[in-house]
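This document contains two forms of one protein chain, each encoded as structure tokens and listed individually as structure 1 and structure 2.
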Structure 1
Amino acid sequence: MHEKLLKPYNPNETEQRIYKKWEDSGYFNPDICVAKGITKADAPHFSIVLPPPNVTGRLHLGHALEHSLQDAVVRFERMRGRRTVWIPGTDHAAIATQSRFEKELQKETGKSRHDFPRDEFFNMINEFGLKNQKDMLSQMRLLGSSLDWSREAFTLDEKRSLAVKTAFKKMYEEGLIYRGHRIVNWDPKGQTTIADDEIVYQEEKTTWYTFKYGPFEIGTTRPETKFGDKYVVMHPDDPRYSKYKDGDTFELEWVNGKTKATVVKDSVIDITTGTGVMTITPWHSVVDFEIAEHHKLEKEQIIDAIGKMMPNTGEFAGLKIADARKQIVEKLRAKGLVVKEEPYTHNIATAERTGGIIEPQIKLQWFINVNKPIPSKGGKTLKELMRGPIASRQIEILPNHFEKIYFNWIDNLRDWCISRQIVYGHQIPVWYHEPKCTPRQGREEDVIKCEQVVVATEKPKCEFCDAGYVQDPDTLDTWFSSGLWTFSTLGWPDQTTDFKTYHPTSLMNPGYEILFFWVARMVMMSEYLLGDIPFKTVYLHGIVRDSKGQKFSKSAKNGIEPEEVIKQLGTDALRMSMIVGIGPGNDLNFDIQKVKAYSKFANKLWNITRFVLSNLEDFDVSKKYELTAADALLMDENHDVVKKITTDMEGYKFYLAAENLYHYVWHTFADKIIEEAKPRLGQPTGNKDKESIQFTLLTILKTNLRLLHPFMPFITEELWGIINGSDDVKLIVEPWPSSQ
């Protein structure tokens, strides 16, 4: 028996050694597998790109879940003989990374972004991100992820930057990208617009105020915005206000004296809520802005970009919002305009990265028009391009109940604000002509031909004068570059062999919380730029929580890094605990006891192998043996297991495949088959009954090592080498057991 089996299994002595051999073998690269004759050159492909983790810090247990699922299917497809590629990558995560870096910079040096030239500050952040990236790539290796490192990508690297500029230019030229004044999520603390997914809603106990507004009563939690309320909106069918006509005006006493208001009739008003009447603040509310746009109403800014009252608020100018609110209510109370005050609890929007309270503002920003008919797409809009592949089942979402949520999000989608007022990220590829033209001698009249705005992948030169161009200072929303991920990682816009071979990708496996922000935008970008789907299946996994069901967070001090668990119990045990019994879309309450249970299973597998091999010392593995009827039945039963596991893996039911394998190996193979075989193994050498059970045990063991390899790659690879007397890694490319 092999000397390694004489000692208990120790993952700490095995896993890094095995991973290095895998990486050195080149088997993660499908081109090398073809070159070595392991995979047929014309084999069907299976491709998947890793959802890129943000370079803000280190991987957490949620990433361990993601890697466990994806590596399982990648190893399965590779063993099936597919040309399998799993592309690694990371996301620059613009706002998140800059915010994290700025906090550390402020803490360590007392400096901010304003103390550095733009290029220098960008490089400082990038160096910070790339250091984190290096740590994360090491963590991915610890998790056993069989990623093709030769194809590694970064959303901010040169190839991905070209893809971003190319996509922007095409969308701009077709009128889908425009610059305009629209309402956005403004973070006064971070001084930038932010995406909807970067908002965290926090419960706040406040006061609901009811004020007398001329002949009406209006309710609000934000008295500080009421300076801008010059319109009172009511439903056209509300019988309580039938005497008022759209456009009627009236004077009233308000915060700073007499003002004039206009009646607006709009069916957006809910007759059953409150008094059925509301005033609107178009500059500081998304709903109010849309009403104002629809009726072409005036909009007045009341709060500035840093969260203070504007000069047009009179005596309140310069006050912070909270201070102004108290004083405004006092003034309205003194005027007898406060009808009632009631305790009220609601959710307020805060910026995830800075903690600042979001203040909706109208800003001049860059947007993508999601409702504009696109001539090159037969008049379809981007919203329709997002909807089509899901509705037609070209793309399957697992679990499928998320389809309804997906469609609801698209139906309510507004134009996408893609500009951010930060340094880190893809700077918008728009160039503005310097205002002072320097005409060339003898061609003074040509200056009227100077292009004032140019969209280009490189800095342009003016054809008609010697003035230069200045690039737009804003950067693009991270989701813009992430939306190109499935094909930018394969070389687009170049028509590379990888792009032609592996796109559309086979599977995407993100968390369900980014279904809209990322998955929908990948569908949109791929359909628009390529006229094709980005992937065939979306497998949405849940969130990893602590044992009490709470989200992991620094404030709760409940965070656990994968390394802590791996060092104690091994990667295989952690991976099995992440997969068994956890279906798509379901959250996982992490429990170290579950990992310990699968650590015991790894030891059980080790001991099973030791027992089987210790009873093969007089057995010639090269000979063919005639099986007894009982052993033939055991082999048939194991073949049924192969068929069931294969079907589950093909249907992405990893949680069932892993659980069924666990039960079969422990409770059927170990507890029943091996126990019942012990008397037969004690028979003399050469006994046909003994040879039959020896062959059966070895065959079942090797079959189940292959079946378990996608879930527990390290111990199965180690045992495969022991059984076959080789130090080379072979199981990773061993053919999957036939289910025929």
Structure 2
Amino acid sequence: MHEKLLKPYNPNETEQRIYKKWEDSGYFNPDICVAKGITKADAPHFSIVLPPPNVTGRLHLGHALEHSLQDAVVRFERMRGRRTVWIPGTDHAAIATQSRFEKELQKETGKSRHDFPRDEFFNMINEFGLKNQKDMLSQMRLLGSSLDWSREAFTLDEKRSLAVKTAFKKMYEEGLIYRGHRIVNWDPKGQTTIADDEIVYQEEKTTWYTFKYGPFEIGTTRPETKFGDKYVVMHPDDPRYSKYKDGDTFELEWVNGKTKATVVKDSVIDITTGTGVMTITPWHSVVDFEIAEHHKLEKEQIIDAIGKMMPNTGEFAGLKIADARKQIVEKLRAKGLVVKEEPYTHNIATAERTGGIIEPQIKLQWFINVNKPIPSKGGKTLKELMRGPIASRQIEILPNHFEKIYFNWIDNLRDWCISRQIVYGHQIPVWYHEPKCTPRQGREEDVIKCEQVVVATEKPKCEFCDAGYVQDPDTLDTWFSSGLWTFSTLGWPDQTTDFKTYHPTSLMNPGYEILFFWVARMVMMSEYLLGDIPFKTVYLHGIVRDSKGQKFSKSAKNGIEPEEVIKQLGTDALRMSMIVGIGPGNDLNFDIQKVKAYSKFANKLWNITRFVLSNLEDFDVSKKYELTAADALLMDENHDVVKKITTDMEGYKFYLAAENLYHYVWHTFADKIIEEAKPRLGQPTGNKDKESIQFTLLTILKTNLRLLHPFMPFITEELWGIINGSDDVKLIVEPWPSSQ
């Protein structure tokens, strides 16, 4: 009897020791597996790139869920002989990291970004990110993840930066990236543009004002924007206003005196809302902007970048929005132009990261055109490139119904604003000639050839003068670099062996909440840049909530640290609790009771092994034994389990495989097979019936340790070593039981 088995199982000591051995063995790296003859060089590949966690803090239970799933499939594929790689990495997460850092900086020193030069500030944020990164990488080891550390990547490291610049340049040159004045979501608090999907809507109780506007009555919740409104818009089919024609003008008394207004007819107007008439403020409303663009109307800025009234608002200049609103209503009331004031509830847009109220603004920004036919793609648009491989099932999304949600999103997609006015991130690789080109002697003729704007991966030099180029100060939306993740991690734009061997990747395992942010963009980038899919299967996981179904949040103080759980009950138990019973796309209500149940299972497994080994002391493992008919039947049943588990694993039904294994090991193997074996084991040494059951027990135990390894890697590896009397880690590369 092995001395370790005399003591209860100690997950903490075991897990740390085993992980170190795995890492030292090199088995996480497929090249080493091939070199050692464990994996055939020409074996089919299986590759996953880890969804890179943001370097904003530490790993939480959601990451534990992600790692449990991915490590299970990676270990399964490695054991069944695939050339398997799982690439680790982290995401610089631009706005998220910068705003987290700024908050801490403000709290600790009272300083803001304006107190530092750009480079210095960038470095400060980067240091903060890298410190978090270090913690996160060691947490990943704690989770037992068999990641190939030799291939670790960061979305902001040198190789990934080259990928970003290369991608940008290609898209720019093909006219897919453009700079333009467009209405954007401006966050006055964060002083940056944010993407549509970074907006959070919040309910607000406000007042619905009805004003007299010439012969019309208009409704609004935002009187302060109504200043320069000189277009009044109504539906062309609205019978109430049929006597007014498109283009009619009229004089009226308005906020700052007499003004002239023009009638515009547009069918986007909802006849049933308010009076069916509205005035438009194109500079500060997406809908209004689109109407103005459509009818080629003038646009005027009313509110500045920090949320105050512009000089052209006369006496209201410099007022904050809320104050201006009150005073303007006062003034209109005095003029007798206020018809009605009613309470009204609506949703206002706020910035997810800073909480600032979004003020739409027209800004010069960089965009990706999703509707432009691309010559090199047979005239397809980026939208179509995103849609194609999902529609054709070249990429399968699990659960399938998310495909419909994905299509619905794509159909409503607008051009993607990719510039951000923050320092942390990939600076846009566009260079402006500054100041104007003053050519050197004798080159005067050439100046017309001088490029004023250059898109390049390196800082360009002007051929004709001594002036330099200045880089665009904006940085890219973090999802731009994330979109390249499946191949930037494999060495692209270089045509590396890794890239050729492992792309397209086999599986992607993100949370469903980033299906659009990320999955869609990976499909877009990969289809556009490589003409290939980024992955074959997307297995979406849900959100981890607390046991009552509440989201984890700082304010609710219901956060649970994965490390605490691991310390208390072990990684294997945590991993099982994250897998059993959780189908793809399902949220998980985390309950420590469930983890406890699987820690008991670990103990059960430990004791099963102890029992079996203690009954094998007079048994020669090297000999071949003849099985009784009953035992042959037990072996067949176990083989059925192998078949079922294998099928479930292949179909990404980990939640069923793990549960079935648990059930078989405990309630069939332990409760029935072992219990019924007891009298037979009491027979004398060498008895044929005893030998048959000894052989059967050992074989079933070893088979099930292999089956359980993907889910509970530590304890199974430890027991495998004990059974085989070896201190080496071997189970991780042991062949998966044959299901033939």
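Take the two forms, superpose them, and find the largest set of C-alpha atoms that agree within 1.5 Å; that set is the rigid core. All values derive from a computational prediction rather than experimental measurement. Residue positions are counted from 1 along structure 1's sequence.
Asker: Would you indicate whether the form predicted on its own is structure 1 or structure 2?
Answerer: Answer 1, the form predicted on its own.
Asker: Does superposing the core leave Tyr244 with a CA shift of 2 Å or more between structure 1 and structure 2?
Answerer: Result for Tyr244: yes, a 2 Å-plus shift.
Asker: After a core superposition, would you say Pro88 shifts its C-alpha by at least 2 Å between structure 1 and structure 2?
Answerer: Comparing the forms between structure 1 and structure 2, which are aligned on their rigid core, Pro88 does not shift its C-alpha by 2 Å or more.
Asker: After fitting the rigid core, is the C-alpha of Asp474 off by 2 Å or more between structure 1 and structure 2?
Answerer: No; Asp474 is a residue whose C-alpha shifts by less than 2 Å between structure 1 and structure 2 when the cores are overlaid.
Asker: In Å, how far apart are the CA positions of Val263 between structure 1 and structure 2 with the rigid core superposed?
Answerer: The alpha-carbon displacement, core-superposed, is 3.4 Å.
Asker: Superposing on the core, what C-alpha displacement does Gly228 show between structure 1 and structure 2, in angstrom?
Answerer: Its C-alpha moves by 4.6 Å once the cores are overlaid.
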